[in-house]
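Only one chain is shown below, in structure tokens, and it's the form predicted on its own.
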């Protein structure tokens, strides 16, 4: 469903991403992990179409630059992305109209889950950072995307919202979505992944499947990243 082939992103002479390839299938939850500065956010921004890059990225078999692929995509950035002068309810309405989706009540369900339903008339600028992050998650999911990309999604969330987001991870997997979660906090996704990609200095160093019994993910992570950080 999501395929990244030989993606390279340069900033001058610096290769933020160096020939990176990965894939996430329907019903699979993959995590992209690595230390700060590993190139995770650069890759995420390339996947969702915010950066130019060398290589190929496809969503649902189509280039990530195409309108058909963008209709399948949901993106939760690290920093909340909300409109200051739209109310919470107007955010949901705007996204549904942008994707030409009917209001089937899913927006209200998400707002209820993240304790925002009683704040439907509040403007985006009136929300706390944590509430803005919750609203950003709701907006990314309300059109029922088939590929969802999270970039450090738990930053700024309270414990209940984190629990609810983890429930969302399970629901999305069960509904057959392809989910990619970028994070540097291993414990936050410990029980919610099928495949882990370990990234260091712009390169994917290791692909780990969640079926190994010889060592934990954290043990593999530290073994791979030890001495690699610059």
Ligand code: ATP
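Quick caveat, the model's predicted, so the values are computed rather than measured. Numbering follows the first chain given and starts at 1.
There is another form of this protein, the form predicted together with adenosine-5'-triphosphate (ATP), and it is not shown here; the text below is about that form.
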Next on the checklist: Just to confirm the contact call: exactly one of 190 to 198, 168 to 176, 30 to 38, 66 to 74 touches adenosine-5'-triphosphate (ATP) in the predicted bound form at a 4.5 Å heavy atom cutoff, so which is it?
Outcome noted: 30 to 38
Checklist outcome for this item: adenosine-5'-triphosphate (ATP) in the predicted bound form has a heavy atom of only one listed residue within 4.5 Å, and of 109, 90, 78, 158 that residue is 78
Next on the checklist: Whether residue 11 contacts adenosine-5'-triphosphate (ATP) in the predicted bound form should be assessed with a 4.5 Å heavy atom distance threshold; does it?
Outcome noted: yes
Checklist entry - Taking 4.5 angstroms as the cut-off for heavy atoms, does residue 205 touch adenosine-5'-triphosphate (ATP) in the predicted bound form? => result no
Checklist entry - Would residue 42 sit within 4.5 Å of adenosine-5'-triphosphate (ATP) in the predicted bound form, counting heavy atoms only? => result yes
Item to check | Any residue of 165 to 187 that, in the predicted bound form, places a heavy atom within 4.5 Å of adenosine-5'-triphosphate (ATP) | outcome: 184
